[in-house]
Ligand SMILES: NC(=O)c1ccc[n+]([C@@H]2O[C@H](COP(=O)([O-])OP(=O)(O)OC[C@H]3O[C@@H](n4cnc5c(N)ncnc54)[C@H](O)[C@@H]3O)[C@@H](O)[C@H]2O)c1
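Let's start with one chain on its own, the form predicted alone, as structure tokens.
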């Protein structure tokens, strides 16, 4: 598609994340949201009225048949992502799909196969934290080898999801429609992040449990995994949605030349053998925080990375930039999550294939 051409977008699924996509697209020049879809038509109608969008539909196939739609955001429940994305590609639409890309490995494989059939189309998975300045700075530090030989990389996610949250939508916390609970919905953001920072996960051995939401969800609210990374480092992933702490992801790196802890994308602790380098990194984080505080006033909805990722998606469609989160890369985190489930269910260590 030629640079500068107006991109017309359809959004499938009008739940809690759809307004974030609409708001992000509205910030971009030459982009127009032209069609909304939800199986509960009143949700689509309400959003359309709020944003002056003319077309609404209840069947996503009607949206995909709309010749005015160039690209689609898939914002539905996890279990429906795969078929919608595949159908969108077959209809000639560019696709960006919310996490988790799929609720099973079979569906994930089918999405990737469809992407290979349509290399002319842009297909991205949403992991908006890859656009956060703090995490990009951490990635540059890790890539520069400041920790020496990486020994361990650990993730701990604390968050709170109440019974009311799970009861608000019938698909939440179900194997059939969400594909899981804590891991595939909340923790997956930071499972993607630690894998992206370290260079990928080779295998997992794991367990999970429902410790505080019995009778409310059928899936996990707490999980832990032993991880082998592709670079040979070892680590852990632990998470719970039964914490009194509302939201707190912590990533820790330990290597032969030092260690560092990152919480919510900010430096919590750093200890390097090279003290001059340590101070340089501290200064870098201070600069990022100051710049972030200047920008925070313009953040008017959850997901500050969404505008940047959706801008990158549009730029890739126009041929103005390379896609930063192609579907092949976005598939790694759901593969890790689904492998954690498989590991506990089979009692075996599971290798990551994507």
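Numbering follows the first chain given and starts at 1. Keep in mind the model is a prediction, meaning the values are calculated, not measured.
Just so it is clear, the following notes concern the form predicted together with this ligand, a form of the same protein that is not shown.
Residue 39 is the only one of 289, 318, 32, 39 with a heavy atom lying within 4.5 Å of this ligand in the model of the complex. Interface residue among 230, 189, 273, 139 relative to this ligand in the model of the complex, by the heavy atom within 4.5 Å criterion: 189. The stretch from 97-105, 151-159, 257-265, 201-209 that comes within 4.5 Å of this ligand in the model of the complex, counting heavy atoms only, is 97-105. For residue 124, no non-hydrogen atom is located within 4.5 Å of this ligand in the model of the complex, even though that partner is not displayed. Interface membership of residue 185, defined by any non-hydrogen atom within 4.5 Å of this ligand in the model of the complex, is confirmed. With a 4.5 Å cutoff on heavy atoms, residue 55 does not count as touching this ligand in the model of the complex; it lies far away. Of the heavy atoms in residue 334, none are within 4.5 Å of this ligand in the model of the complex. Using a 4.5 Å cut-off on any heavy atom, the residues of 165-182 that reach this ligand in the model of the complex are, in sequence order, 169, 171, 172.
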